[in-house]
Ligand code: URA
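Listed next as structure tokens is one chain, alone, in the form predicted alone.
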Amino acid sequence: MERIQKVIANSGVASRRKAEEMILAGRVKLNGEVVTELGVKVTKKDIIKVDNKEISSEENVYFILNKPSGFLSSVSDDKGRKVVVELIDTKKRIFPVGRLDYNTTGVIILTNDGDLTNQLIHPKHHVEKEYVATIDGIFTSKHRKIFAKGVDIGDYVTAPCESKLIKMEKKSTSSMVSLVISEGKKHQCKRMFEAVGLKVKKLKRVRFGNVTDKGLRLGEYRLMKPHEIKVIRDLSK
């Protein structure tokens, strides 16, 4: 027996948190009766409906995508913009784990495992994300020390993080910087650089936990390997 919100999440309909919201809103039925209590246990014989549509348990799938610029990290867009799920050839209902900005490129995981998604994006789990930023300006040891203490980005002070100068172009006064964070505030990397007087020209995520973009060109994807799934599950705990 499993909790009903976990079964809904594993079906690919929504993340566990969203499933809980659906239950509390009276949008879920169990064997014909509306359920509004969290934690109700169900079996494989039970019939669960969300918004009067029966859900079916399906095998979980996990994809790594090297996201190109010009795609939303979403399953749909009311403005008709391109979304990342369009790049994955699958009949399963998948969704991105977290978000990358519209013009940010790099590693993003797409899955129908709502439970794992919830764990990976929850701030208490501190799953590392590594970015490479090309910036206007010269990144110095002074900036690195500020990042190591935490940066005030206006409405939030970031946790201490690692940063490293990869490359510097003195003629064009630009730098390439590696930044490792474990949070996921909106536009966080860009806001951190702006807070120390530097502007991001280009941003790429090269690692999410143990997952990298190695071997994938922009727009390419692959299924995650079993050991990668196991490691990222452990990281999310």
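All values reported here derive from a predicted model rather than from experimental measurement. When you see a residue number, it is the position in the sequence shown, counting from 1.
Here the subject shifts to the form predicted together with uracil (URA), a form of this protein not shown in this document.
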Would you kindly say which of 28, 64, 189, 177 lies with a heavy atom within 4.5 Å of uracil (URA) in the predicted complex? 189
Just to confirm, with a 4.5 Å cut-off on non-hydrogen atoms, which of 133, 109, 84, 100 contacts uracil (URA) in the predicted complex? 100
The stretch from 134-142, 153-161, 85-93, 101-109 that lies within 4.5 Å of uracil (URA) in the predicted complex, judged by heavy atoms, is 101-109
Contact test in the predicted complex: residue 203 vs uracil (URA), heavy atoms, 4.5 Å: yes
